[in-house]
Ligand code: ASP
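Here you get one chain, nothing else, as structure tokens; it is the form predicted alone.
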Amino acid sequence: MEPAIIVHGGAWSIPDFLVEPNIKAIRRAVERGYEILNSGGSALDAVEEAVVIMEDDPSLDAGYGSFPNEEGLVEMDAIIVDGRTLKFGSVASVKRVRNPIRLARLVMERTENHMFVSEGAEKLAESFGLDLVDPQSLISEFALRVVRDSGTVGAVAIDSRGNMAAATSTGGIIRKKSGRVGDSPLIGCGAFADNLIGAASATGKGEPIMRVMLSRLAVDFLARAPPEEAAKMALEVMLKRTGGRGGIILINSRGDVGFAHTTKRMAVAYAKDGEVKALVSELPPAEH
């Protein structure tokens, strides 16, 4: 199997001052994930490391760069999914873990559970040897300049053995209510992966995504449509049934990648067959 990876830095009305920083960030992420895949690494390793790079970038709404909630603190969510076993690990409402995706991976591989939240997740992080940080240190200058919308980062990949994985991480909606959890850490909503069909990572406002289980819906559509078409079909269902807009990246069991969005812009990058492309896709005004 020829490995492939696709990542996103969020689908929303990305302001002009964030376009170039976002492109640089997602390019670094996809190049790192592709390097891992081409060295014989696993899809899980590739998506985790790609997301870590995006969590560490101040221009993206995840990890360092997360939007503050109504109390001025960050509350982060993340999930990672193994398409071979269908196992996943997720965390929600964590405030002091710089890279929530690392903790999600540890939840999946080193516990018998799938999801931990808030202080319990942070205690688990300490027990695994992860450093806890001051929540204020995770708010970047970019996050303070954004006045609306939300963002998420994510990655999906297939490795040379045909195994797939998906990962999603977010700082959530700006000025959200304390304790609010969106779609990102929920299996089938923020991410999904199944070696038999495909893998997905979603972005957008969480409530509509949860209502249609967007990632699982899009993967199901892969059974009868190529990735880009399946992505459009899933987003159309969400828009018609809930009025919600967003974006999604997909990869199928043949290694084909695709994406779609119904928001003004979406930051996306992909690597396959030795080529890398990174862009901020934009819809015509009439379509968003």
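Each residue number is its position in the shown sequence, starting from 1. Because the structure is a prediction, the values reported are computed rather than measured.
One more form of this protein exists, namely the form predicted in complex with the named molecule; it is left out here, but the text below deals with it.
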In the model of the complex, the residue from Arg216, Arg180, Arg84, Arg98 with a non-hydrogen atom within 4.5 Å of the named molecule is Arg180
Counting only non-hydrogen atoms, the one stretch of 200-208, 156-164, 124-132, 100-108 within 4.5 angstroms of the named molecule in the model of the complex is 200-208
- Using heavy atoms and a 4.5 Å limit, would one call Ser93 a contact residue for the named molecule in the model of the complex? no
### Query
So, in the model of the complex, is Ala143 in contact with the named molecule at a 4.5 angstroms heavy atom limit?
no
Exercise for review: Would you please decide whether Ile173 lies within 4.5 angstroms of the named molecule in the model of the complex, comparing each non-hydrogen atom pair?
Suggested key: yes
